[in-house]
Structures are given as C-alpha cells and as structure tokens.
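There is one chain below, alone, in structure tokens, taken in the form predicted alone.
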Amino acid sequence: MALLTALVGAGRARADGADPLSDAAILGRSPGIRVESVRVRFTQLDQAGTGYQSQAGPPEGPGSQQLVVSTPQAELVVKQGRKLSYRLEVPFDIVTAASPDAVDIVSSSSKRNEAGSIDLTTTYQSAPETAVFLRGAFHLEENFRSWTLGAGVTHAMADDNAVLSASLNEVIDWFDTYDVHGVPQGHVWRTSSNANLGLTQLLSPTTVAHVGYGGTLQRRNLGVTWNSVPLLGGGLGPELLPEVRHRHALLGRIVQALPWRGTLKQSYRLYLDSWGIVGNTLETQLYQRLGRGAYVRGLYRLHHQSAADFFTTRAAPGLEHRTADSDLDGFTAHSYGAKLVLVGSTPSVREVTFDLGFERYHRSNDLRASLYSCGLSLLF
C-alpha cells in the first residue's frame, strides 16, 4: 500500500511537471544569465614638460611633451549559470598631443586622436578551487591596430589560504611609420609575448602577502615612429632601436589591516631589461574608513630607473642604436594622490560605490602630469 501511494504520488508529480527526482529538484534550478556589476569611470590626464625626442620645439631640442588624454570607460560583468562569467571592458581615449602634431607637415590632424578598445575575459570555474580564463582584446586608433589574446588559471590551496595564478598573453601591433619629416614610410608591426606567475598567501588573519613575476619578449619595430634624435653637428635623425627587447619584473606586496579601521598596502617592484634599464619602484597606500559608508585612500610612489645603454641627446650619425626618448632616460619620479570613496545600497542594488580621485606625477627629467578620475560602480 505504501509503495502504491508513492508511485501514484510520483506519477502525479510528473503530471504536474514537478518531478521530485529531477535534476532541477535535487540540484536546484540554474540561475541563468544575470548582471553582477556595472562600472563606469572618467579619467583626465594633463601632461606637461619637454623631451629631446619631441620635434615640438627648436631643432636642437628639447621639444614639448604636452599631452591631454580624456578616457571614458565602462565595465560589465555577467554571470552565466554557476561556472561561467564574462567581463567586458570598453575604454575610449581622446588624445591631444604636441609631439606627433609637430611632424604632421600636411595638416594638424595628428594633434588630436581618438582611440577605443574592446576587451573581453571569459572565466570558467572548473572546480571550487580552480578557475581558468580566456581573454581577447582589440584596439583601434588612427594608423594603429592592436590584437591581444591571453589565457590563465588561478588555483586556491590550503583551504583558500593561498592562491596560485599564471597567465600567458600575446599582443600584435600593426601601425604606420614615418620619417623625421613626417613622410609616411609604410606599415610596420611588433609582437609582445608575456608570461606571468603569482602567489598570494594569507599570513595571518590581518596580513596578506603577494609575490609575482612577469616576463615579456618584444620583437620588430619597438619605437614611436615620430620620435627623433638630435645629431652632433646639428639636424635631426630617426630613432634607431634594437628589434628585440627582453623585459622582466619582480613584484612583492603586503597588505596589513590596522587596528583603527584602516589598511596599509606596501609594494616593491624590480624591473630590468635587455636595453640596460634597471628600475626600482616603492609604493605605499593607506586606506582609512571614515564611517560605515565612506573611506579615503592616500598614495605615494617613488620610482628610479637607469638610462638605456644607447640613450643620448646628441648622437653621432653612424650609431647603430640611438634614442632620445625621455621615457628611456635615467630619472627619479614621485607620485602622490588621494581618493574619496562613498559606499551605499538600494533595494535593487546590493552596493553602490562612487569615488573621486587625484594623482600628481613629476620626474627629474622635466615631465609633470596630473590625473583626475571619478567612477560609479553598481554591484547587484
């Protein structure tokens, strides 16, 4: 009798479309596709200073490195089911620069340039402790195209107290090249092959540490095609760079929670490459909560690097390699800034975040920049 009752009940459940032994009844229904977060941001960079690679000045240099970049950008994160997620980033740059405009002998069309990118990362949570991702990106601007393809994995260990990450990326750039008089010389390309390895470790309930390594191999045309080099005896010559560059970076970071509702982040980065540049970067960030819905962040960064082996501001005409690019010079740079973050919620949005930030950058070889930003984030 009990068996008959069970069979009749199961049959009635199937007739009603609610089988108690179905996958949906046992495992729960799939959450489908849902939006997890939406973020928008606007950033403005104002740069001033001079450099010998720029022709926006006297023939013997240095020339203006004036640059203004306005960057609106958006990010969308979507979850599909329990294992798949997608992150779409769309930045758009409006660039006004004196240096490329100085070699534009036909018009001033190079003074202002618009650029945009589409960057999509797909992540698959193959296991509770393991996730793999694929990344594809495309960048488009006047006389420049760039394609990026990447893949990586993260794996949690020791009850999620340690996370190991690794990734590979390949970037192909295709762009126009010009001589020092602004005459087009056809198309050139370069590739950048990048590998990264990182380990994040929980040291205590209030301390987290991270170490990482990144290596990049770049090949073919590695310069900015309108850069020039002042020559001994007068005049300008083109920048001549090696066709291969090996780049290495080691990073260490520690995050410490403070007793007064604050957080201290400190990091050190060592950089070196096959062109003879060695860089050291120290950075400190201090977060302080002001109340339940607000906190501030302060930042200071110190960077020092040596010059490339072939950097010069007066080159002999017969040199195999030469550059006067101030980015490849030896210099010391300081950055400091602050950010205010307000956090709240609504009945339909789990977390709403609004922030305002400012950063000032200046370095010893006559370059200065101010960075302004504001952002809005919605977490659902």
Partner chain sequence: MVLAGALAGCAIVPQNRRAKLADPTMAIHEDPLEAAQREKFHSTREGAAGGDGSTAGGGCGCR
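Residue numbers count along the first chain shown, from 1. A quick note: this is a predicted structure, and the numbers were derived from the prediction, not measured.
This protein has a second form, the form predicted in complex with the partner chain, left out of what is shown; the following refers to that one.
In the model of the complex, the partner chain sits within 4.5 Å of a heavy atom of Arg39.
When contacts are judged by a 4.5 Å heavy atom cut-off, Asn161 counts as touching the partner chain in the model of the complex.
The closest non-hydrogen atom of Val188 lies beyond 4.5 Å of the partner chain in the model of the complex. Although the partner is absent from this view, Gln201 contacts the partner chain in the model of the complex, with a non-hydrogen atom inside 4.5 angstroms. Though the partner chain is absent from this view, in the model of the complex it lies within 4.5 Å of a heavy atom of just one residue from Gln125, Gln285, Thr121, Thr154, which is Gln285. Comment: the partner chain is not present in this chain, but in the model of the complex one of Asp309, Glu141, Asp176, Glu243 has a heavy atom within 4.5 Å of it, namely Glu141. Contacts of stretch 301-321 with the partner chain in the model of the complex, defined by any heavy atom lying within 4.5 Å, are made by Arg301, His303, Gln305, listed in sequence order.
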